[in-house]
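Here we start with a single chain on its own, the form predicted alone, put down as structure tokens.
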Amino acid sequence: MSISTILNKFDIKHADIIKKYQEEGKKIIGCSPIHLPVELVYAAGMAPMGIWGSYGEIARAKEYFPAFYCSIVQRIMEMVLDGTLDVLSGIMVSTQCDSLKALGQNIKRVYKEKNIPYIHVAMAQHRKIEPGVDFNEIQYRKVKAQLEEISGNEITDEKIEEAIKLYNKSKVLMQEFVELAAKHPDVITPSWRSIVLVNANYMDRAEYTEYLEELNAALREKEVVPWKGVKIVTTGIITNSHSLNEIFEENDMAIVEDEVAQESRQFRTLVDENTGNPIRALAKYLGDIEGCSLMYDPDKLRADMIIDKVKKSGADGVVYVQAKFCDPEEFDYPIFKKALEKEGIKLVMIETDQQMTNFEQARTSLQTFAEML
């Protein structure tokens, strides 16, 4: 089977995925950013579905948030208010930043009237110490009880363990895909790379894993063609805009690594297996994650991680995709910039939001950056 044929399996409209779930009689649980216990949803026999990263108009959400609020959060609220997410059987929202906390409370109020269950996922800031893991385990057991009530199914430890192993398998395959994509930027363009990685948040994970095994096998067999363009590492919350990825392609920029919340940040860390307490393993997983701007990270390891990715991948520079009005990312940037400048690594920052229709400023910045590299 050709690589293009396999890639087309990932290019599915989210509406079609929802329709497929509905035809199968499967309930759907919406999942906000980021690091939510989706394995518990899967173990309940339901479909976890990412609700972040869509682009479109933001109008009614401005009644709930000021104009200078995170556009990712505002876009989720817009879909809640316009009925797009009424197909959900429940929605999980984390508390990993102040914007998400406010989002959760607003959704809870709106969905109470629509009789759609709201699942609050509180997370300990001090996530690495034992009391932090204890707290997260207690919260996850509350989440488990809510998911059992929604699904009507008992979530056994065996089912959770099976889900952890399936998700870990898919994460390893995604890690391999990122390495293979860096070797074959002639076929895995920024657009295709984004489609493959982001759709893990929407597709059935078993089906996704099967397709990714096929794709990786085909890429391993493909002859490596030397890349004559620019190699970059991307970082940010989301970089799934088709317009943005087209600009990368116009300037012969290949993404050879990333540290993006919607991409590698979700699969670079595995959950411990065969612990005898899979819920606690999921709670501990939160403490194993490094370099995430939305999680307490006093050592700010993200910059060191990016520097290491640049050196190992042979990238020419880094593109920092700043989600407009995302405070955690804005706080990280000065530290990040200073660290990269010290290493002599070229960096450009571009700003995006979820209702952008004009990317000309980003186009000019990236064109200039590509020429400089």
Partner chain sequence: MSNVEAKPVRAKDLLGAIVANHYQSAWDAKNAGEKVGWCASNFPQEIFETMDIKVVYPENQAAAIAAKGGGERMCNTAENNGYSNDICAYARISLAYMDVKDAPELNMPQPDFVLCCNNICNCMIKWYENIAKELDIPMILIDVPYNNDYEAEEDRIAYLKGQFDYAIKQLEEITGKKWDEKRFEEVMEISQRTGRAWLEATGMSKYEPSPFNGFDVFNHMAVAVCARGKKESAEAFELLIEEFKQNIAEGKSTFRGEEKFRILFEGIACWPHLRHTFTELKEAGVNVVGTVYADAFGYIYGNTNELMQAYCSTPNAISFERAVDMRLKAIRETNCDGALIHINRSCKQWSGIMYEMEREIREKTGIPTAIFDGDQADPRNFSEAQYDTRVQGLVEVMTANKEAK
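For clarity, every value in this text was computed on a predicted model and none was experimentally measured. Positions refer to the first chain, counted from 1.
There is another form of the same protein, the form predicted in complex with its partner chain; it is not shown, and what comes next is about it.
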Its partner chain in the model of the complex: contacting segment from 211-219, 282-290, 297-305, 164-172, heavy atom within 4.5 Å: 297-305
Picking from 97, 271, 155, 238, the single residue whose non-hydrogen atoms come within 4.5 angstroms of its partner chain in the model of the complex is 97
Is there a heavy atom of residue 66 no more than 4.5 Å from a heavy atom of its partner chain in the model of the complex? yes
In the model of the complex, residue 335 touching its partner chain (heavy atom, 4.5 Å): yes
Is residue 105 close enough to touch its partner chain in the model of the complex, meaning at least one heavy atom pair within 4.5 Å? yes
State yes or no: in the model of the complex, is some non-hydrogen atom of residue 139 no more than 4.5 angstroms from a non-hydrogen atom of its partner chain? yes
Would all three of 122, 125 and 132 be in contact with its partner chain in the model of the complex, where contact means some heavy atom lies within 4.5 Å? yes
When its partner chain is considered in the model of the complex, the residues of 322-341 having a heavy atom within 4.5 Å of it are 325, 326, 327, 328, 330, 331, 332, 333, 334, 335, 338
